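Given as structure tokens, the chain that follows is alone and in the form predicted alone.
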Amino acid sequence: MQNPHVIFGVLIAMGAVWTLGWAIIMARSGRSIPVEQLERSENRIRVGLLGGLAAIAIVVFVLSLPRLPFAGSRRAELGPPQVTITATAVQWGWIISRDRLTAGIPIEFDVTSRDVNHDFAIYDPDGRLLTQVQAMPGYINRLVYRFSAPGTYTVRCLEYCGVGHHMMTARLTVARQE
């Protein structure tokens, strides 16, 4: 959820389309209409509503493409990574190749797992989720991220992975760029 205003706007647009469809149905319900004609009319309204919602979904999808967390789109937004960090999940901990990082530069995290699915999530010093990616056995997910401020960041697993899931944390220390 990058921008709650966009989500709110989409919900308002969907509500407006729904209300318009409902108003059309209510406006036509006052007269006596044969059932077959009513069914055809309702079907047209349903198709219109479906088309309208599909158009809204397509527009939202296209507008959200630059914000996707995929490595390619993140590289295009942030520039090529200047540092690559490997992060390997094991029950119940993280093996991270480097825990001292620099703010302001794109960093690529190559994330994988040795056992089961985990989720590599980075939280800021205030406890807000910044970014996350799945850690899967036999596959490397690439997460490109740029820390905007120095501080101590926490890595947590967001995928329930067993009884020790809650202990699966690590720290990243991010220093100011020199």
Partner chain sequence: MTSPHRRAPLADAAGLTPLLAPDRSNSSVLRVALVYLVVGLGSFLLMGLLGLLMRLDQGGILVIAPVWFYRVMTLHGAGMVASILLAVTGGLAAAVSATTRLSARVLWIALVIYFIGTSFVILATLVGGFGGGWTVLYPLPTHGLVWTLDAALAMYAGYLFIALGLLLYCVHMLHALARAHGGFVRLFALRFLFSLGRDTRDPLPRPPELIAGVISIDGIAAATAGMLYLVPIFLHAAGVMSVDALYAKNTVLLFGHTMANLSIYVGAGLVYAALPAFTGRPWRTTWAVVCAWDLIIILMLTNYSHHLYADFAQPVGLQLLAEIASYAVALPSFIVTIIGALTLIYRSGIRWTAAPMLLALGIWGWVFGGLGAVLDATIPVNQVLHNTMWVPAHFHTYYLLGAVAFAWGYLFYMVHELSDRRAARASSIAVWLYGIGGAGFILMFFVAGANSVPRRYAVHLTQWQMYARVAVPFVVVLAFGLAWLSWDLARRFLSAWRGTEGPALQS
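Numbering follows the first chain given and starts at 1. Definition used throughout: the rigid core is the maximal C-alpha set that superposes within 1.5 Å between two forms. Computed from a predicted model, the values in this text were never measured in an experiment.
The form predicted in complex with the partner chain is left out here; the points below concern that form.
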property: Contact of residue 175 with the partner chain in the predicted bound form (heavy atom, 4.5 Å); result: no
property: Proximity of residue 171 to the partner chain in the predicted bound form, heavy atoms at 4.5 Å; result: no
property: Contact flag, residue 112 vs the partner chain in the predicted bound form, heavy atom cut 4.5 Å; result: no
property: Heavy atom of residue 146 within 4.5 Å of the partner chain in the predicted bound form; result: no
property: Within 4.5 Å of the partner chain in the predicted bound form: residues from 107-142 (heavy atom criterion); result: 115, 116, 117, 119, 123, 127, 128, 129, 130, 131, 132, 133, 134, 136, 137, 139, 141, 142
property: Rigid-core frame, C-alpha of residue 158, shift of 2 angstroms or more between this form and the one not shown; result: no
property: Flag for residue 54, CA shift 2 Å or larger between this form and the one not shown after aligning core; result: yes
property: Core-aligned CA displacement of residue 13 at least 2 Å between this form and the one not shown; result: yes
